[in-house]
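First, one chain by itself in structure tokens, the form predicted alone.
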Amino acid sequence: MNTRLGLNEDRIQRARSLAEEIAHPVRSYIERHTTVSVERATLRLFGLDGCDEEGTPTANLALHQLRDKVPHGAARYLLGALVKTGMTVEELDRAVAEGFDLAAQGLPDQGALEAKAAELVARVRHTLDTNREYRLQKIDQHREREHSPLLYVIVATGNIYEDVKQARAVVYQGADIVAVIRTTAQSLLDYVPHGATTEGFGGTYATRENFRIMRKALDEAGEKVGRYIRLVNYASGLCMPEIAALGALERLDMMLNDSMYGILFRDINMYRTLVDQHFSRMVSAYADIVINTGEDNYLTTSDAYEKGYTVLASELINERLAFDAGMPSRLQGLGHAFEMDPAIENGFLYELAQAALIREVFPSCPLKYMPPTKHMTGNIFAGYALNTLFNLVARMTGQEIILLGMLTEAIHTPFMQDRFLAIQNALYVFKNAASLGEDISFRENGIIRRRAAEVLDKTVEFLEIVAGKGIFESINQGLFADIKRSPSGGKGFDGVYEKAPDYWNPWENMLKEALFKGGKK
């Protein structure tokens, strides 16, 4: 979009240079460390993906055996066992489930390990490449319908088979994206459950089999309506890298993946989170999966008018960390939300200013825009009006991923008719205001331009403070979302390891080669 806010380009560049300064020590820390979840993701990519009779994943069983060897890289012991025993990956997976000890086999020479790694990486890489090409082919075949925003609807019954029924219904009603909300507190589990699941509170477990079931259902529904339907889940929490890997294998299209969400809102250790998000983003970048970041959550604990600058600051940090993981702008679904207090005079103009500002600062990113939630009261008529204003701002400012607002927000989990009305509302606004954004300008020195410039200036000031303190100390002091987290506190800190000088991870090496040296188109 053409600039309409008259933003100071030097201030935008200053903000980006500060984000780079903030990210530099994070990048240095990541390069020197691994985690149990990165190592388990590596084992899963090599095919260790089963479970024992009690449901414990073989990736977890293997890491328990190799705990003291994690600094050297768990992959060498899996590959060594394959070379030494002559087993296939599938046979070894079953053997680990029955108690086979990977560490007891000894290691062959490095040449044999590298040859076996190359063979297995090539096999799985073919799967990832095929998934990527299939997605692009289907999007090209069906084209995107005339309205550019993609309509994002959630399902969350706890039962994957019931989720499928609801997902098909919303696709037939007009949804472009289906997000399967993850069951409450799965982000705090240090393992990924195995198989299909039929029980979950507030959502459905993220498992590979559940991914496979929903992917198949959405492909079938998409063929009926002539659209490619995107599937979303959560690559976050203590198993962030593993879920990213499983999502890539099963052709998910979007993953919720934020650099600080788990730290701030789930009290997961900051070091663990930042190392995990880097590997998960490399996997998603290679698989051409769009990530959705979680800046909208800041406004659930902070006031949208007073702290709007923290959203832009976090987006700039997320952008920089995504670039550091080899992820281009077109895969960065940076998040923000329509959360201004509706009682504020000219609140709509402030929302419009914020959305237009973020669109202009990130012109190449498929921004994810969240509907009103914090100020929904149970008054369904007022809620429907707020959601209409949200859809209008989304259309006017060129947002691309629109999570639909529900008139029953704050009352109960939406009924099917609530989702239907939300889709109809969005389609009505998008069609009737299709060209409004191109046909309108913002008055120089008017409320919208002044507000956008103010937020940008406050963002730069805030990033100056964060750069001076460093990201770890800034989080420790509660500068983001008014929530304080200790560097050595939080869940999962005991799963962070400094890499030994001989650390070896063939998947990490392949991803770096592909993403940073032209190995992937």
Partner chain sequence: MNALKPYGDTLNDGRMQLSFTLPVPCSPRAREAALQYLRKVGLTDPQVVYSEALDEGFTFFVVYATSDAVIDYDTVKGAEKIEYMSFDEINEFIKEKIGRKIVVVGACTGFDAHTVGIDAIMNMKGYNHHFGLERYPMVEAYNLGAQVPNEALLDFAREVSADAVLVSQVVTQKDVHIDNLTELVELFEAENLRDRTILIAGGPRISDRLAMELGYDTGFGPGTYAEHVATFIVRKMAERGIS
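Just so it is clear, the structure is predicted and the values come from calculations on it, not from any experiment. Residue numbers count along the first chain shown, from 1.
Missing here is the form predicted in complex with its partner chain; even so, the following discussion is about that form.
With the partner omitted here, the stretch from 367 to 375, 391 to 399, 78 to 86, 349 to 357 that lies within 4.5 Å of its partner chain by heavy atoms in the predicted complex is 367 to 375. The closest non-hydrogen atom of Tyr172 lies within 4.5 Å of its partner chain in the predicted complex. The shortest heavy atom separation between Phe420 and its partner chain in the predicted complex is within 4.5 Å. Looking at Lys224, you'd find a heavy atom of it within 4.5 angstroms of its partner chain in the predicted complex. Heavy atoms of Thr130 never reach within 4.5 Å of its partner chain in the predicted complex, leaving it off the interface. Between its partner chain and the residues Ile440, Ala185, Leu136, Ala382, the one pair within 4.5 Å by heavy atoms in the predicted complex involves Ala185. Arg266 is the sole member of Arg266, His194, Arg251, Arg125 with a non-hydrogen atom lying within 4.5 angstroms of its partner chain in the predicted complex. Within 4.5 Å of its partner chain in the predicted complex, a heavy atom is found for none of Asp140, Gly294 and Leu331. Shown here without its partner chain, the chain has Gly202, Gly203 in 202 to 222 lying with a heavy atom within 4.5 Å of that partner in the predicted complex.
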